[in-house]
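Only one chain is shown below, in structure tokens, and it's the form predicted alone.
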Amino acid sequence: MKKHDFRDKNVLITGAAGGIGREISAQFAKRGARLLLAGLPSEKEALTELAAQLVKDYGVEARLFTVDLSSKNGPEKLHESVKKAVRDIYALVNNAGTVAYGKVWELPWESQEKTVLVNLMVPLRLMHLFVPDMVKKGEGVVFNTASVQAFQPTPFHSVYCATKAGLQMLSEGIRAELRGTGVSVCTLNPPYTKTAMIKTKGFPKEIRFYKISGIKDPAWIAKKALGAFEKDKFMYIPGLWAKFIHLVLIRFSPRRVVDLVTYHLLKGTKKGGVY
């Protein structure tokens, strides 16, 4: 049963230019939402192309917002621009993210600091800015793109894992605080997906875990996600195999075993680069 109807509702999506964000934008467009597509200034061309395609295919409204959310006052700038354009939003999709791959003590500090900022602090700040108006209106929803890695250690991208675990707990805590307001918070927890993130400089071309989990298609993830979002599922992991690995196998395995197995499975192969 659907709990959210996005038709003619303002939906703000960060990280909309590619990957899961792009496909989620298309799924919202299919449902008749008014799209507010946010991305980096360098992604303006991709956002413009996406907006034009969605307007053509689905007859929806689409507005573009280019801002570097990791820059000083980036979230505040986006909030101000959105408020000027549409006044309020029904749904906030915190999808923008980044990753740094390698041993924590060998990676540049700046890349790890940016991972914490973009993956955790930015979603927190955007919720802090947008949720009050949702509460006043008595309706709204936040969708945070977390990860299955919120439920397990991920050696060689440990900071990414920590931010997703933090975002997961943050989402669950805020959801409880919002009880009775008409506003909810949900998380999408996808496994490895074919996005630009796993092509980040330093990320191996292949890790052993891919042979177990595979690499999912963003369109498949987005289609599954929107079905779950409409039903207001608090947490959604696409795929039964992913659910079993991360909610059952990881949780009930001895920690020493988890440490050993994740070390070997998440290390780059000789073909893809060893770290």
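All residue numbers refer to positions in the sequence shown, first residue = 1. Worth saying up front: this structure is predicted, and the values here are computed from it rather than measured.
Same protein, other form: the form predicted in complex with a small molecule, not shown, and the subject of what follows.
Participant: In the predicted complex, which of 102 to 110, 80 to 88, 193 to 201, 129 to 137 comes within 4.5 Å of the small molecule (heavy atoms)?
Facilitator: One stretch meets the cut-off, namely 193 to 201.
Participant: So which of V118, L170, V159, C186 reaches within 4.5 angstroms of the small molecule in the predicted complex, heavy atom to heavy atom?
Facilitator: Exactly one residue meets the criterion: V118.
Participant: Checking a candidate spot here: are E43, L69 and T145 all in contact with the small molecule in the predicted complex (at least one heavy atom each within 4.5 Å)?
Facilitator: All of them do, each having a heavy atom within 4.5 Å of the partner.
Participant: Looking at the partner-bound form in the predicted complex, is T154 within 4.5 Å of the small molecule by any heavy atom?
Facilitator: No, no contact at 4.5 Å.
Participant: With heavy atoms only and a cut-off of 4.5 Å, decide whether A96 touches the small molecule in the predicted complex.
Facilitator: Heavy-atom contact with the small molecule at 4.5 Å: present for A96.
Participant: Taking heavy atoms only, is L12 within 4.5 angstroms of the small molecule in the predicted complex?
Facilitator: No, L12 stays farther than 4.5 Å from the small molecule in the predicted complex.
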